[in-house]
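Just the one chain here, laid out as structure tokens, in the form predicted on its own.
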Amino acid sequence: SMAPRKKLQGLVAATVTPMTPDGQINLSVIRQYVDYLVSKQNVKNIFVNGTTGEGLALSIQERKQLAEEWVRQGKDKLDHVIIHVGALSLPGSQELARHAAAIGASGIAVIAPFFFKPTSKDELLAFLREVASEAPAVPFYYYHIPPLTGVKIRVEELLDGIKEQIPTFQGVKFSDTDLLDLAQCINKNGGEEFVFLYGVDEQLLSALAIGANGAVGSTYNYLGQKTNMMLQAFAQHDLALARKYQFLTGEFLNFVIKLGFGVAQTKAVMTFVSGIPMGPPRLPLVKASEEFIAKAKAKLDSIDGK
């Protein structure tokens, strides 16, 4: 069993998966990526092979290689390395869960399968339970992202009695704009020591106000420092300053969303901010245009001065 860790809280960067120009995973830059997150963004937790990491577009073998490299490079540098092990098939997800346990990941997370979808709380819980039980000593997180999975089962409902079914259950990555659902989760389960990590970066301050413990998102790869300042301002009850930082994230995202912003564009932003070549995304995603890169860079530079 693993040494007791700090509670997962604060910012968690949803890592990009670096690729070579010809589309193979590029493990060689992950060490540099870890050092960049810690030294430049003050971010010490990561969420690997999720949406931003194109997890569902990678093979099982690639996902294992990436998980291993992130855990290896994060040792003694990062506080938490959470591996997303969700997959469309139960055996695939179980295999990834066993692997994450074997390499010493600090947690695993699972999305709802989204081709054949669970239609009720019980169906979803059964799937999650069968994955979690393959890693009986590893903290388990549900990754709620209905805009991408189409599975709209409310988390409030899912959490009712979940510890009996999944003893390793620790919390939720909540990537939805339904703050009533999140508030009910926190209201009902506050005493449980569950962790609620919010996943819609431009609305993080709203989630903090109702009791979220932290956040998982792609912008913390390059706006981690600024968002950490927001968390600090919020902790010190300086709401005006916290809003200032939330508005900066919002200003950037509002601008790029209008240009067309997704994982491919995040890869491009990360490449110019960190200086680490993140490479192209994998089809069906196509790489960001030069025009996008120029505009996004100018916008980020203008925000940096604020």
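A residue's number is simply how far along the shown sequence it sits, counting from 1. Please read all numbers here as calculations on a predicted model, not as lab measurements.
One more form of this protein, predicted in complex with a small molecule, exists but is not displayed; see below.
- In the predicted bound form, the small molecule lies farther than 4.5 Å from every heavy atom of D178.
- The closest non-hydrogen atom of L78 lies beyond 4.5 Å of the small molecule in the predicted bound form.
- At a distance threshold of 4.5 angstroms between non-hydrogen atoms, T52 is in contact with the small molecule in the predicted bound form.
- Within this chain, F261 lines the site of the small molecule in the predicted bound form, having a heavy atom no more than 4.5 Å away.
- Of the residues A101, I166, A126, L148, just one reaches the small molecule in the predicted bound form with a heavy atom at 4.5 Å or closer; this is L148.
- A heavy atom within 4.5 Å of the small molecule in the predicted bound form is found for one listed residue only; from V216, V138, V172, L223, this is V216.
- Three-residue candidate spot Y143, D201 and I257; every residue lies within 4.5 angstroms of the small molecule in the predicted bound form by at least one non-hydrogen atom.
- The stretch that touches the small molecule in the predicted bound form, counting heavy atoms within 4.5 Å, is 201-209, out of 229-237, 201-209, 69-77, 117-125.
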